[in-house]
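The chain below stands alone, shown as structure tokens; this is the form predicted alone.
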């Protein structure tokens, strides 16, 4: 475990009868990053969160927060936002936050700042029942930030929101992360994880299919789109290049998969040296969605 480890999970397993909800799962979250726990409904995301928050007892494995088992003091360093916001409907936003600050034994002095952070300061004296779903979710995030946690856990934070609400939550998560707060975001939305997270763990049937940096996922099997003035020669010339792994055809373009570390510039220079004038050259990144769906297909086989 590194000195900056926030959460270490080793081989946790949870069964409900014949169903294995979490299957020998291991994770490590380090300080300062935004982690995505990605998987379709029923993949084990919520059960995993329940286990690490000590709400569900695992059948096997162990986890540690900040290098030790979950303690009362460690709980104070963890902010949690569940899918459905829960507040007293006829209390105002500031009244609800003051109540939560009292329960957490935290100072109420930061509440106005938190309301400004989540863009609710102008509505701080409005009753919770008058809030839109997006406003309710932002108030949940403000409540989770009371007490200055080191990590925030968000379970499907954009469910049911309109595009503007989703964008607001996405930008808010990024803003919170700039304060040095680690984020663990559970979601079934590929786009959400791709646009927000630095790291991703893909789950299916409780099993970890992939674990790594989002940037690394997107770098897998990059393809270079190529067209030229002599398309009849282009494929054969490309296939002669020892740095080219494969050449595929898509409509009128060739998709070239090169060996790792072989730059696009070098491919261009190679084609010029062979007397071919390139009319189209572009890198096509493999999307997280494509990689995610490929992983799920492999798991189903």
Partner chain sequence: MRKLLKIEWQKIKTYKTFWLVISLYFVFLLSGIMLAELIFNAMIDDLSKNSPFPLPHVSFYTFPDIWHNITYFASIRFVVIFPAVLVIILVCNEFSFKTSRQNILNGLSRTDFVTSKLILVTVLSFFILLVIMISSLILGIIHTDEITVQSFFHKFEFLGGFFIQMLTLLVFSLFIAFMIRSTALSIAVFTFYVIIMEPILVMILKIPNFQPNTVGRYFPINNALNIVEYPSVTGLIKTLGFRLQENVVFQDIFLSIGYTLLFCFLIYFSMRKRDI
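Rigid core: the largest C-alpha set superposing within 1.5 Å between the two forms. Positions refer to the first chain, counted from 1. The structure displayed is predicted, hence computed values, not measured ones.
Although not depicted, the form predicted together with its partner chain is the subject of the following passage.
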query: Candidate site 53, 80 and 89: all three near its partner chain in the predicted bound form by heavy atom within 4.5 Å; finding: yes
query: Exercise: residue 125 in contact with its partner chain in the predicted bound form, heavy atom 4.5 Å; finding: no
query: Distance check, residue 99 to its partner chain in the predicted bound form, heavy atom within 4.5 Å; finding: yes
query: is_contact(residue 195, its partner chain) in the predicted bound form, heavy atom dist at most 4.5 Å; finding: no
query: Residue contact check: residue 95 to its partner chain in the predicted bound form, 4.5 Å heavy atom; finding: yes
query: Stretch in contact, per heavy atom within 4.5 angstroms of its partner chain in the predicted bound form, of 171 to 179, 70 to 78, 157 to 165, 200 to 208; finding: 70 to 78
query: Answer option from 230, 213, 104, 188, heavy atom within 4.5 Å of its partner chain in the predicted bound form; finding: 104
query: 265, 259, 62, 57 - the one with a heavy atom within 4.5 Å of its partner chain in the predicted bound form; finding: 57
query: Exceeds or equals 2 Å, Cα of residue 91 between the shown form and the other one, core fit; finding: yes
